[in-house]
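Read the single chain below, which is given as structure tokens and is the form predicted alone.
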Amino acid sequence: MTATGTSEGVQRMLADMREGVLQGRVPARIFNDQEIFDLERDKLFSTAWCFLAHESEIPKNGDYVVRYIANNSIIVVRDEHGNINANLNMCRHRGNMMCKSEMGNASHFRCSYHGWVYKNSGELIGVPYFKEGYEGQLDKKQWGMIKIRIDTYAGLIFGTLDPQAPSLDEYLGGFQFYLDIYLRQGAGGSEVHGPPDHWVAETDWKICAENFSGDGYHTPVAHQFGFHLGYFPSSGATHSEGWAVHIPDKGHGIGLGHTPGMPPFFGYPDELVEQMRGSLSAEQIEVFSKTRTAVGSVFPNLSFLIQPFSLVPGEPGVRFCTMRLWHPIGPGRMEMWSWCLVPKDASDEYKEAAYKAYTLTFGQAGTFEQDDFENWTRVTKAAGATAVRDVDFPYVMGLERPRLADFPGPGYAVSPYVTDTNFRNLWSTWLDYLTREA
């Protein structure tokens, strides 16, 4: 498991963590450490399937967005034939960045250094002084932009840097069942509503991914005003009820909060509920109709939340859905992208209400977002302190909790949903990536 450039101290910590996770212990140091960040870049993000974009962000031919896998800038573009391409944002001539805008529309990309020109599909078609300088001998087919392997699920575009990685379908390993609560909100599926919020946070990405793997434990404390003022159509007394599910050895996890007595599919318009009854399986309807809150993460760093929220305290809530990407850019530092997802076939009135609920709660300046990042930033700072380097955090909640034998969905399910069960699977998977041979 040794890795070139990794100190004996970190190697020993990771070796001890193997048994520690099984016993419910995780070292604090992993949440803010340069060596861990380097290992994640080289051994996790270089081999996992990573989220790049939603297809609805690039609806027209020529539309593009610029995203990242680890420290690699990638142009995700719909070409002139409607196909989706992902290419390194780099000219093959001398390595200059091709595209400097985060999003836009272009039929071609031209390097600002020596002027090489590529189709938006990545094919090299223009070279200045082709006859005079290269004497017409440069084989343009060999010098196109470098392609990134991609695949999609229900509108989500993923990419991987590893040509030997398993298929995306195998990687998700059955978690598609739960992704559908976010991605099939109606017969037409989901789409982004407006551009993403995008900012930099002094927070380790793993704290966020863990929280969105089903941390219902923090809600009655960190967001208690939501209960007291009537923004949640539920109470703290029953908040812990529901289910926690993860896909063993894959790292994906979801918390499904349930409020007794809440009407099925509460917060959705009736016409969308009818559509979902036709587009979802009987097993999905059994689970999702009883779900109040669905907070889940696709390993390693893509998360979702669906939650009914009362725009006017005390009145019936509207369902909003947020999708978020926690992109690490340094130890204890990350770039954050946050989108509002809406049902494609919903009315404009519902889409605006859902977007307003998202903005008030989990937009860049949302009240709940502020609550979380205030805590996450302080956790990150503490984890980087010298006196904390050998400290473990407890992950013992639900350690002996039995697996539900009759849960309708795939994966390992337990109840109630306030538990550390999903997190232990998350850290075991993370450890597998960091300790595997290159």
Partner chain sequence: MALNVTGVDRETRESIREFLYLESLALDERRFRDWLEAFADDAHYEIPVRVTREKLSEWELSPTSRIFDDTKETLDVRVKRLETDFAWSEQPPSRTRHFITNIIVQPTEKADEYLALSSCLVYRSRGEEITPSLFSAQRRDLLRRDGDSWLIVHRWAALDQAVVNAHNMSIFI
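Residue numbers count along the first chain shown, from 1. In this text the structure is predicted, and so the values were computed from the model without any measurement.
Keep in mind the form predicted together with the partner chain is missing from the figure; the text below concerns it.
Based on heavy atom distances of at most 4.5 Å to the partner chain in the predicted complex, which listed stretch, 408-416, 47-55, 372-380, 392-400, is the contact stretch? Answer to the contact question: 372-380.
103, 194 and 356 - do all three of these have some heavy atom no more than 4.5 Å from the partner chain in the predicted complex? Verified in the predicted complex; spot residues all in contact, yes.
Would you kindly say which of 138, 200, 146, 154 lies with a heavy atom within 4.5 Å of the partner chain in the predicted complex? Only one option qualifies, and that one is 200.
Name the residue from 96, 176, 289, 367 that puts a heavy atom within 4.5 Å of the partner chain in the predicted complex. The residue in contact is 367.
Just to confirm, residue 282 within 4.5 Å of the partner chain in the predicted complex by heavy atoms? Contact with the partner chain, no.
Touches the partner chain in the predicted complex: residue 225 (any heavy atom, 4.5 Å): Yes - in the predicted complex, heavy atoms of residue 225 and the partner chain come within 4.5 Å of each other.
Although the partner chain is absent from this view, report whether residue 64 comes within 4.5 Å of it in the predicted complex, heavy atoms only. Heavy-atom contact with the partner chain at 4.5 Å: present for residue 64.
In the predicted complex, does residue 304 come within 4.5 Å of the partner chain, counting heavy atoms only? Residue 304: no contact with the partner chain in the predicted complex.
For the stretch 335-352, I need every residue with any heavy atom inside 4.5 Å of the partner chain in the predicted complex, listed N to C. Contacts from 335-352: 335, 352.
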